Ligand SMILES: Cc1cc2nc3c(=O)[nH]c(=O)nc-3n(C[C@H](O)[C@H](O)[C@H](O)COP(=O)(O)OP(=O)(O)OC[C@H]3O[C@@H](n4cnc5c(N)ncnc54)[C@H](O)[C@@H]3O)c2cc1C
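In structure tokens, one chain follows: the form predicted on its own.
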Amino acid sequence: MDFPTPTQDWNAMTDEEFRRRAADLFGTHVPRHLCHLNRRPRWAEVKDWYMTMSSHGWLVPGWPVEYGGMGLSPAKFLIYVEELERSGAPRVMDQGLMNLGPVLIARGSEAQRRKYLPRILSGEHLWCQGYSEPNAGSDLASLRTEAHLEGDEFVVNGQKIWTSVAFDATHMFALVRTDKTVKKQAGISFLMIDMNQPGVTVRPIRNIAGHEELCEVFLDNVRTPRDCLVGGLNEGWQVAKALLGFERIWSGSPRQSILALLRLERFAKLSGKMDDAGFVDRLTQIKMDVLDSASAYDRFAQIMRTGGSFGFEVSVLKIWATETCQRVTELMVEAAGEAGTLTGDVDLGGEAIDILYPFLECRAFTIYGGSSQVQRNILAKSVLNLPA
């Protein structure tokens, strides 16, 4: 398949001009009824938006131009993300865009890039991530899903869990154990698997907010061709570490805390809490915490803008942002009293506001992408040089 031909050198624009273009495109094309959703939408809901982005050449800002991306510089990439989030755009099926695509560009063969990247851009292939397993979440290297070669195919058996939107995915990229005789990180491989075949079973998991976004996936003698191996045999751990580092950068964004703070301030005005001096004092403290988190993120963003790289200190950012967001939502639930126990919209002064959902949603923030406990262990060992 051929890659689309770029029509614009976005990096030739000034940052201000590019920001205007991004704000205009998102403001014009993001479906109004999907803005600022309190849930992860299904593929059928966001397909048109996905295809609109693809047709305008704005679907993959970070991919190189030769593979159908925008080829944005770090500074332009950050502007793109900021304006996309400001627009309230819904999250699409993005594992192929954000994770698999960059892996194939960096570590895949040219044949793999030619086969899979255009199909991601067209929406023909929708990917989910098969990493976590029961008893192998934060300790991912303990995974037990196995794959062994039979001729020119790998045969895969095992279970994956917390697999986001797997019920809409056509394919999965997964970490599997291909050698049990070496230390656990050394015997893992990175495979791509077609989910439309016998032996693949997907079961949705209802989360604490009552939504079905996560899934468990069972693999029973599932087959995938040997040419679906990315990187070398038993080199999957190196591939996975690159993805996890990228995930922690974006999970350290202050966007969720800022949105939660805006909800909290709206609640305070509608409920009359702004007349309570004690509450206002706590609100001011939490607002300063959010600003501190945003300032820390901006320092990392500046490193990206100048083409720098990150070390283990990125774990600080992830802890800071996610735990700050939790404190914001905890204050709103506490201040709401009995109304903080109700699901769905609550009427306050003639306006509807969902008090409980943000609190429930951000419980997961300190878990995915490496739990806060794991991040602290990383910092203790790799930054502070404390004993293991």
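When you see a residue number, it is the position in the sequence shown, counting from 1. Everything numeric in this text was worked out from a predicted model, so none of it was measured.
Another form exists, predicted in complex with the named molecule; not displayed. Remarks below refer to it.
Ser164 is the sole member of Ser164, Ser271, Asn234, Ser73 with a non-hydrogen atom within 4.5 Å of the named molecule in the predicted bound form. Interface residue among Pro102, Gly187, Gly137, Gly123 relative to the named molecule in the predicted bound form, by the heavy atom within 4.5 Å criterion: Gly137. For Tyr80, no non-hydrogen atom is located within 4.5 Å of the named molecule in the predicted bound form, even though that partner is not displayed. Remark: Tyr368 counts among the residues lining the named molecule in the predicted bound form, judged by a heavy atom distance of 4.5 Å or less.
Interface membership of Leu214, defined by any non-hydrogen atom within 4.5 Å of the named molecule in the predicted bound form, is confirmed. Interface residue remark: Ala364 is counted as part of the site for the named molecule in the predicted bound form, having a heavy atom within 4.5 Å. By the 4.5 Å heavy atom rule, the three marked residues Gln95, Gln373 and Asn377 all count as contacting the named molecule in the predicted bound form.
The stretch that touches the named molecule in the predicted bound form, counting heavy atoms within 4.5 Å, is 128-136, out of 128-136, 259-267, 197-205, 81-89.
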